[in-house]
Structures are given as structure tokens and as C-alpha cells.
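This document contains two forms of one protein chain, each encoded as C-alpha cells and listed individually as structure 1 and structure 2.
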Structure 1
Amino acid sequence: MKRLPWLLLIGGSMLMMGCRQDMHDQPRFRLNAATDLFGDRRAARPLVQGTVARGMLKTDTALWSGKVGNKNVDQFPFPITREVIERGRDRYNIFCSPCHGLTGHGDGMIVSRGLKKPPSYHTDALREQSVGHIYNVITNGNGSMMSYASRIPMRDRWAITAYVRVLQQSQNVKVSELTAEERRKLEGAQ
């Protein structure tokens, strides 16, 4: 009879091993999980209309929509530093270069697979466009190019805009604007 507690303990622990799968699949939804509870089969519910997250009340229209009134802004809504431009290059290479190419000539990889060639950034028309317009193309799409707002946060969209400006300038420099050393390099390359 003295062995009974031990037998119960050992037997009990062996029974507990059976619980393993229950603990693995807990009765809660994980991100993006499917469910039969709702008609659209999504466990994640859409926000109630009019919900505003903290800090997302978009009163500063120049910042959020790139527009004041109905007019695209032609000034960046916050100071553009070297960090912002480097962030922009990073994001541009991820999101834009597959179609527009690394230098913005519209010769990305997807174009070589049959995509209609997007316009080059290096035309007078696009050089003269306001920064608000470029920001709006990323935010809302333009013609057959779709919106990137759901994937690129607002500040990154401005950073990309700044980098597009950098690309435009990089392909449109007069030789007379170069420093002596840069000119020597250029002549060396030719």
C-alpha cells in the first residue's frame, strides 16, 4: 500500500503527457488566422468606422496627403537630412526598383519580363512636378501603378520622394557644376 502515492504520481504524469497538443493549439486566434465565426472568414476584425489611432489624426494635410487645399505642396513638410535620404534609398530599392530600376530610368527587372515600361523620372515634365505629386503617386497610385500606402508608412513615403529627387538630380548635372576633382574623374572614365 505504501507504493500507491508513487504509482498515482507516475501514472498521473504519464496522463499529463496526453495534454501536449491542447497546449500547442490554444483556443485563441493568431494573427491573420481564419475562422468560421464571421462571414469573411477573418479572425481580425475591421476597425469601426471613424476609429483614429493615437497620433494618427491626420489634421496636418501637407504631411499626410501632400496637399494644401487641392494643391500639391512643393516643399517637404519636414527637414530632409542625410538620414532621411538614406532611408529613402533603402525603401526605394525595395519597393520601386523592381519596376522603375535602380536609377529611375524605368528599366527595372519586371519590365524585362513584359511590364509596360513606366515613365523615366528624367524627363522635364517629372523634374518640374512638385514633391507633393510624387508623394501622392506613392500614396494613391497613378494610372496603372497601384497605391503603396498600405505597405509604406507616411514618413518613408516622404523619404522615398526625397530620394527620387536625388536620382533626378544625379542624372541631370551640368559639367560646369562639378568640382574640379569630379571633373577629372569623369574625364578619366571616358
Structure 2
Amino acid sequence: MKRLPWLLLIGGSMLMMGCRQDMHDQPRFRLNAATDLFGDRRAARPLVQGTVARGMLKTDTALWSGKVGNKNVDQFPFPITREVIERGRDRYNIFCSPCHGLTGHGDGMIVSRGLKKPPSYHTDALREQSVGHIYNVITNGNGSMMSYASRIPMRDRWAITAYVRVLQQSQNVKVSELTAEERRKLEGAQ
């Protein structure tokens, strides 16, 4: 009976010797290394012609480029919901507010650091621009603004565009468009 623990320990040790590290270190090719396995001697295999990554088949040009032909789109390519606007606000605060400020007046932190002031979204010229134009500026950059195409996914760029429209409307409401109750609240605040 006293031998049983020792026998189990020895038996377990023998079983463990069967598990070798080389089972984990599988043979593989290093990127850009030469190999004799393939006729072209390249270890990295070229993609099959016509291969497109999942979700990257860019057949909807309005969605992917913000344009139809050479003209910027006037309508969003998908429905704008509360969730899209909230996502846009979140992404705007991360990527855009350092330059454009939280309200879009071009008074972000970079201005206080001595860098060039970006345009305000609340000028008549920018309020009249199409949503495709705003999307294209985010995607391709403009002036001293860099392209955000590699940093912000396509749907998030549209969400930011929707939030910029919300900012523009929030700062440019005509009193005649307000309801009677909203006018009373406005007059009470003054």
C-alpha cells in the first residue's frame, strides 16, 4: 500500500516524458524566406486572384466613397439612428474634438498649442456642404487635416458625419422652427 503513491508518481512521470516540446514547435515557413517546397522558392504564397477580404467588396460606391460618379452624395447611404449618432459622438470626441472642439467651432486644444485653427462647422459654407463632402474630408483629409481612412472604419466615418450634422443643427436652430413650449423655455433662460 505504501508503494502505490510511488508507483503512481513514477508512472505519471513516465507518461509526462511522452509529451515533448517539439509537438508544440511545428515546422513552419518564415515570411519572405526561401524554400525548396514550391517551384518559385517563395514561402509566402500569393493570394488567389480575385480574392476579396470578407466585408471589403466595395460595390456600393456611395457607401465606400461618399460619391456617385464624381458627385458627392446628398443623403446618408444607410438609416441614421440614435445609436449611429451616439457612436458618431463617441468617435468625434476621440478623433475630431482635439482640433474642431467639442461643439465644432474649431476651438480645440491644438489651437491653444499654437497650431492652425481648423474651420468651424457652423459657417454657412460648411452647413450647405453635402454629407458626402464631410465624409470625403474625413476619409481623404483636406488642407492641413490628414486622412483618417486608415484610422477610422468606414461606418464610423459616416457616424461622425451624422454627428457633425447634429452639431450643425444644434448650433443653428431658427426660433421660428421651435415649438411654443421650446420658445417659452428659451425665453425663461434669458
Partner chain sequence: MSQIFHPSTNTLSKVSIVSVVLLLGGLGYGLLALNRSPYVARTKIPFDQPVPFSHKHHVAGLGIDCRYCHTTVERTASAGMPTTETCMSCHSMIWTNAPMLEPVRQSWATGKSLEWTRVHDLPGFVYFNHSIHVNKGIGCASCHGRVDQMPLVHQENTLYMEWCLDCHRHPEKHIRPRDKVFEMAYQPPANQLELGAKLVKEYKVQKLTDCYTCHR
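Numbers given to residues start at 1 and step along the sequence of structure 1. In this text, rigid core is short for the largest set of C-alphas that superpose within 1.5 Å between two forms. The shown structure was predicted, so the numbers you read here are calculated from the model rather than taken from an experiment.
As for origin, structure 2 is the form predicted on its own and structure 1 is not. Annotation for L178: C-alpha shift of 2 angstroms or more between the two structures, rigid core superposed.
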